[in-house]
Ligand code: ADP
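Given as structure tokens, the chain that follows is alone and in the form predicted on its own.
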């Protein structure tokens, strides 16, 4: 096979969301953790799409740019004619970046860049440049309270313009109601006017297909998994991937960990308490160095013999703000991620073979701690969340689900473990 699409994801759960979308829409896909080394790169020959997972959403902009440029160079060396920079469907990014700086670094001179976080399947739509979550403006939705990148402005033209010195404009649906040709004409006109970033409306899959077709003829785009859907359908006529995916493998020691503080994850934890033992950690103790990790692993060691367990550091916005006020936002976030990653590694050392992780930052820290380098995609658990099988000698066969905090229904944890059992 020939690599058709190279993707750079700004976090690990977003990467698995995108990889799931690409595979489901006809491109044989591999997700890597970081830029692959020579030994892994040589095994990507069967992939039509490669998603390089980075952890650059909340790092300094210069670091994000350096890592994104390295990933783009690798993907182009592998033959990718189009690079998609995959961002969160809530566009969560501070005024300093990192979406704008990465766009500036990877854009091709004289070409406008499509930018859309729309993913209607998960309730994210863009209309007249404003981002909506299930019909509610982003800044009025629960997602506005992200602990690292709170979002208080739904106007994406304004948000992106604050991050870049390049001109940003809007391509609303009125510009491409007549199809891909009309959008391509509008993009060419905007590029001629000196515009680089073009926020593009999308409220349904028909819009995504038009946008994906236009983007596929360009070297670079920026968007969430909805844009990946459009690109995949433009690049492949049939709707089935050409490689077998990972499969459930029966009963095994199973555990879930949750670090996301989203309203969706808090509801999922509450639902899990009715069917499995749940340990709620003290996040302030995780930050201060108290033995919360040891307490969590002792709890798991005793309880897992009887079935799955869930260990959560997730808390409501008020508690999150109190911990951040006491220890500092960045220091608190990093300490909690580090503690949850130690718990994930400890669970695998205890024999866990089915691991579910909720939260983008938590997932990134856990996968890094485990040293997993790549995943084979399996069946979809919920919109945007696939089951995945670790590739590589150290943890080969470990089944993992990495969930963005806002994804999945209330029974997500039970649903994920059921898919892993097969």
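Small disclaimer: the values here were computed from a predicted structure and weren't measured. For the two forms, the rigid core is made up of the largest set of C-alpha atoms that agree within 1.5 Å on superposition. Numbering follows the first chain given and starts at 1.
If you look for the form predicted in complex with this ligand, you will not find it shown, but the lines that follow are about it.
Colleague: In the model of the complex, which of 150 to 158, 216 to 224, 332 to 340, 83 to 91 comes within 4.5 Å of this ligand (heavy atoms)?
Modeller: Comparing against this ligand in the model of the complex, the contact stretch is 332 to 340.
Colleague: Pick from 72, 170, 304, 320: which residue has any heavy atom within 4.5 angstroms of this ligand in the model of the complex?
Modeller: Contact check passes for 320.
Colleague: Under a 4.5 angstroms heavy atom criterion, identify the one residue in 261, 297, 180, 252 near this ligand in the model of the complex.
Modeller: Contact residue from the list: 261.
Colleague: On the criterion of a non-hydrogen atom at 4.5 angstroms or closer, are 116, 197 and 200 all touching this ligand in the model of the complex?
Modeller: No: no residue has a heavy atom within 4.5 Å of the partner.
Colleague: Considering only heavy atoms, tell me if residue 122 and this ligand come within 4.5 Å of each other in the model of the complex.
Modeller: No.
Colleague: Is there a heavy atom of residue 362 lying 4.5 Å or less from a heavy atom of this ligand in the model of the complex?
Modeller: Flag for residue 362 set to yes.
Colleague: Is residue 408 one of the residues lying within 4.5 Å of this ligand in the model of the complex, judged by heavy atom distances?
Modeller: Contact with this ligand, no.
Colleague: Is residue 98 close enough to touch this ligand in the model of the complex, meaning at least one heavy atom pair within 4.5 Å?
Modeller: No, no contact at 4.5 Å.
Colleague: Using a 4.5 Å cut-off on heavy atoms, which residues of 301 to 327 contact this ligand in the model of the complex?
Modeller: Heavy-atom contacts to this ligand in the model of the complex: 313, 314, 315, 320, 323.
Colleague: Would you say whether residue 54 is displaced between the shown form and the other one, judging by a C-alpha shift of 2 Å or more on the superposed rigid core?
Modeller: After core superposition, the C-alpha of residue 54 moves less than 2 Å between the shown form and the other one.
Colleague: Is there a C-alpha shift of 2 Å or more at residue 321 between the shown form and the other one once the rigid core is superposed?
Modeller: Yes, shifts by 2 Å or more.
Colleague: My question is whether residue 105 is one of the residues whose C-alpha shifts by 2 Å or more between the shown form and the other one, given a fit on the rigid core.
Modeller: The answer is no; the displacement is under 2 Å.
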